[in-house]
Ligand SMILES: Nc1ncnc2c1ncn2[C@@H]1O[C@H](COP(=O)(O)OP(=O)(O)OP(=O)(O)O)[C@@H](O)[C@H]1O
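Here we start with a single chain on its own, the form predicted alone, put down as C-alpha cells.
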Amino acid sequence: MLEIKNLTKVFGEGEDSFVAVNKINLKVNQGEFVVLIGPSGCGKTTTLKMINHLVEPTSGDILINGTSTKEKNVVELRRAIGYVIQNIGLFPHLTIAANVEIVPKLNKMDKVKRRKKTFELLEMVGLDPDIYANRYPTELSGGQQQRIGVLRALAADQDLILMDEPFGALDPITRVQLQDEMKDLQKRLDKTIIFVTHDIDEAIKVADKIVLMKDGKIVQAASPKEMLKEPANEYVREFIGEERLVPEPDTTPVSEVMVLEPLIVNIDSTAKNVFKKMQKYSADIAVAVDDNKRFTGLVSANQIQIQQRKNTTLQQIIQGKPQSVRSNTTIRDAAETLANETRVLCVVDKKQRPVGLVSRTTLLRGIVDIWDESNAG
C-alpha cells in the first residue's frame, strides 16, 4: 500500500543544516495501523508530513500503491489522504455535517451520497445525526469535536489516513475511549493508518506495527508483541520501560489501571457550566461531588447536551444510586461490576472521594495483559 524508500529530510544549508530524517525505509500494508513513536526531534512528525508533502522530502521516494507521490498533483494527493491533527481544526462557522463533508464536497461527491455517508459515520461513533448533524463545533465537548475530526478524515473514503498525535490534548478517559473507537473504525472500514504519538502505552494499544525512531532513523519496526518480547537494543528496552511482574487479576487492585485526574464538578452546578468545563478540558465524562467532595454520580457530554441551555443542575440529571468501587477493589471484581452497570465506573477512596475512573475496556485489557504475561512466562 505504502512504501518509503531512502527518505531523507535536511533542513537548512551548510553548517546550519540539520538532518531530521536520514534515509529511512518502511513498508506499510493495506489495512495496517502503523504507529511512529520516539522522543521529541526524532523525525516522526516530519516523516508523517512528507507522506502528503506538507514537508517536501530532500531525497528518497514515497510510493502509494506503486506510484510515486512525486508524480501526483499535491492538491489531489492531499485530498486523497485523510489527515487528523491534535487541535482538530474544525471550521466554527460550519455545521458538524458540513465539516465532515468538506473533502467529499471538494471531490464533487453527490450531495445525497455524502450526507448519507456523514450520517453513517456519526452513528458509528455514537453521535445521533438527527441531534448533531446541524449543530456547530462550539456546541460539542472536546472529545466530541475530536470524533468529528476523525470522521472528516474518513468521509471521503480515502484508503490512507495520517494522524498527528490526535488524542494528545484529551482528558485520559476520553482518550482511552477514542483509542478504542478509532481502532474499531479502522478495522471495520479497512483503512491504513499512520499514527504519530509520544505515548508508548497508546502505541502498544492501537498499533499493528510500532516504528520506533531516534535521531532521524528507524531503530526498530515490529508488532507490539515482538517489540516487547525481543527489543532490538538497549535503547528500545529503555524507551519501552523495564518489564515488571504482573500479579493475578484476583489480587491486582483497580488502582493499577485506573485513569487519574478526572474532571470533577459540584453536583449543584448547572449543565451549561459543566459543559463549558468539559469543552475547556476536552472531557467527555464529569465526576459530580457534593460539598464534602464525596462522589455523587457521573455525567457524560451526551447526557447534558440537551440540557445545557436550561438552568438544569446535575442533581436533576443524574438518576439512581451512584456506582463506584474502592481503589483496592480487584480488577476482576471491578470488571464484574462494570458488566452489570455503566461503561465507566468511578474509583473512590475510603472517604468516598473520587480518585480515578475505569472503563470496561481498560479493566478487560488489564486482565488480558495479565493473562498474556502469565502465558509468556
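For clarity, every value in this text was computed on a predicted model and none was experimentally measured. So that there is no doubt, residue numbering starts at 1 and follows the sequence shown.
Missing here is the form predicted in complex with this ligand; even so, the following discussion is about that form.
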{"property": "Partner proximity in the model of the complex: residue 165 to this ligand, non-hydrogen atom cutoff 4.5 Å", "result": "yes"}
{"property": "Contact flag, residue 57 vs this ligand in the model of the complex, heavy atom cut 4.5 Å", "result": "no"}
{"property": "Proximity of residue 41 to this ligand in the model of the complex, heavy atoms at 4.5 Å", "result": "yes"}
{"property": "Any non-hydrogen atom of residue 313 within 4.5 angstroms of this ligand in the model of the complex", "result": "no"}
{"property": "Listed residue (352, 323, 45, 329) with a non-hydrogen atom within 4.5 angstroms of this ligand in the model of the complex", "result": "45"}
{"property": "Heavy atom within 4.5 Å of this ligand in the model of the complex - residue from 272, 105, 187, 198", "result": "198"}
{"property": "Listed range touching this ligand, judged in the model of the complex by heavy atoms within 4.5 Å, from 330-338, 23-31, 45-53, 66-74", "result": "45-53"}
{"property": "Members of 210-238 lying within 4.5 angstroms of this ligand, judged by heavy atom, in the model of the complex", "result": "none"}
